[in-house]
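Coming up is one lone chain in structure tokens, specifically the form predicted alone.
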């Protein structure tokens, strides 16, 4: 069921799209710059119907999935390790806090040398961009586990694997899922952006190719596809995250 906030959000987005449509139709925005939203929808439908970009779409989605899984898995294990070593955490945590001040994409020549031009370099950049979000969320989640739960584990003489599975993970789950959501978002950004410069396939490459060939209709159709995929995926993840946060507040 859609909440009142959801209806307000929908109304704001609908109003902005309608204003954008009117500006394009009445010539306030030239067609050589941007086509109308309804034309973007028609263009996207025709692209999907033709199957012309199916391979590129699948390539991007595959890279996003691989990057997200790697970032979540490696980030979680790294976060657990750092949490277990207080001295290491004291040394590394200031670096994690300033990590996103560094423009990750400046390292792309290094990744080309190491991985070559292709999917592996794209996935590496996306993982580099997204892994820290999972590390910091893991640290936050482990920090927020109530002490009473750990005391209960000691009372019941739980071993470490049992405590981790039955107490630590459920208690930290809402924070961990926030890390998963952020890792996916950063991985999606990393893959699309990397495809502009490191790939001969993918949605990012196709957008750049259509732009360079002055094919505005296909370019905006593909851009709309990126927006829709990101919005749908993040909405689904946000719904799960809200349920976990509600559980946490209880």
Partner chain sequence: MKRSGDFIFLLIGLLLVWQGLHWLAGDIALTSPAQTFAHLGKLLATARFWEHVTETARAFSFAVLISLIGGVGLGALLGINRTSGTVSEPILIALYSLPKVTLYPLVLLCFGLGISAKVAFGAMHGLIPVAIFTMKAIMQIKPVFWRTAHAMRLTPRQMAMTVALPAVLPEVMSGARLGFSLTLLGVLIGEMFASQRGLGFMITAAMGLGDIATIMAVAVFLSIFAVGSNALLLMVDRAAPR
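Positions refer to the first chain, counted from 1. Source: prediction; values computed, not measured.
What comes next is about the form predicted together with the partner chain, which is not displayed.
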### Task
Taking 4.5 Å between heavy atoms as the contact cutoff, choose which of 41, 189, 65, 58 touches the partner chain in the predicted complex.
189
### Task
For the three residues 53, 84 and 240, verify that every one has a non-hydrogen atom within 4.5 Å of the partner chain in the predicted complex; reply yes or no.
no
### Query
With the cut-off set at 4.5 Å between non-hydrogen atoms, does residue 9 touch the partner chain in the predicted complex?
yes
### Query
Taking heavy atoms and a 4.5 Å cut-off, does residue 216 contact the partner chain in the predicted complex?
yes
### Task
Verify the contact flag for residue 105: yes if a non-hydrogen atom of it lies within 4.5 Å of a non-hydrogen atom of the partner chain in the predicted complex, no if not.
yes
### Query
At the 4.5 Å heavy atom threshold, is residue 226 in contact with the partner chain in the predicted complex?
yes
### Query
Tell me which of 68 to 76, 118 to 126, 134 to 142, 86 to 94 has residues with heavy atoms within 4.5 angstroms of the partner chain in the predicted complex?
86 to 94
### Summary
Restricting to 178 to 201, the residues within 4.5 Å of the partner chain in the predicted complex through any heavy atom are 185, 186, 188, 189, 192, 193, 196, 197, 198
